[in-house]
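Starting off, we have a lone chain in the form predicted on its own, written out as structure tokens.
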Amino acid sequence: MVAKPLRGVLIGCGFFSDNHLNAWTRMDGVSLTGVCDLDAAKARSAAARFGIAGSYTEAAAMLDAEQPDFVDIATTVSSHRTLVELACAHAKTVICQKPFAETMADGTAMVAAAERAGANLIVHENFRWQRAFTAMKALVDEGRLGRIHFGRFSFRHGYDNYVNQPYLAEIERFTIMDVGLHLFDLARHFFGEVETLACTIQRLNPIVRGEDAFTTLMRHEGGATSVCDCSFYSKRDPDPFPQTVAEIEGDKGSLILHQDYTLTLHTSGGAQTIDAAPAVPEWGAAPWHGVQDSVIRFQAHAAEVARGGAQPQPSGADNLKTLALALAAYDAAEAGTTIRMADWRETPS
């Protein structure tokens, strides 16, 4: 018997949503039946371009009409709590774009709403689903590096983010809540929970309101140290955007991810080169293909979760720990101190 296709809807038809729509509408066993945006023209355009029957401006109306199995929320963060709480009452799987929330209070409320409804809540955290990082995680889990004691995840470029997403220049909390969350998720994914965190932030580009560069130093419960750093104002030629470079060291070897998606594994037997370059989707193009491929991988995972075949990676509950690191990083930078995460609490606004 052929399984019934999953019925899905997407809320938010902005810049990044085309990646979601391209991946969903080409996925076997998935039927995207509706899209929604406050801008009716954007919703109509997305529906027409991707052959989707339903076009809406009100999320509640769409959810009532479509009765989806899953809801993909691809809006900006200020709308997340309202939409997640609404979606959890209508679908058993809800996907929320990062940043998951602006506050721990909102994030906790969303997790609670999903638990009350018995819904899977997944955060669209796609860096861990990039091909290079899935390859690195497999090597680490195989024990090729031994006991891990150091790691670094670095995202530095000079790409003009503000052409496609002008709101980024206006927000008060920028790089940590944009790319920083991705890097912190990688650090937790590879090295476990964080004991202590220190952070410095910089505002380098005069057109931005918030920080456009930061560096964090974290100590993990297993003893490893990690560094996460990001700059949207680095001068590089060729510019590596949107690639992340990384290195991980253990007592048996080290692993380096270069900006050409090549991995170098150093062990006692010498150096081994591994090609971890992602495929370019039929609908995609370089240099975005690394991100586009990771969206495909993430959404395939989300579909498996919706069918009951996997646990969310990461779940909303898990992502609260990543959000805590981002918020604590601002506090650490402002105070010029190292924060012990077991003692950190969100300061009410």
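The first residue of the shown sequence is 1; numbering continues from there. Bear in mind the structure is a predicted one, so any value in this text is a computation, not a measurement.
Keep in mind that the form predicted in complex with a small molecule is missing from the display, and what follows is about it.
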property	result
The single option of Val77, Leu139, Ala277, Ala109 touching the small molecule in the predicted bound form, heavy atom within 4.5 Å	Val77
Leu83, Ile148, Ala187, Cys230 - the one with a heavy atom within 4.5 Å of the small molecule in the predicted bound form	Leu83
Interface segment, criterion being heavy atoms within 4.5 Å of the small molecule in the predicted bound form, picked from 318-326, 277-285, 305-313, 35-43	35-43
Triple contact flag Glu195, Thr225 and Ile339 to the small molecule in the predicted bound form, non-hydrogen atom at 4.5 angstroms	no
Residue contact check: His124 to the small molecule in the predicted bound form, 4.5 Å heavy atom	yes
4.5 Å heavy atom contact, Asp178 and the small molecule in the predicted bound form	yes
Distance check, Val291 to the small molecule in the predicted bound form, heavy atom within 4.5 Å	yes
Val9 within 4.5 Å of the small molecule in the predicted bound form, heavy atoms	no
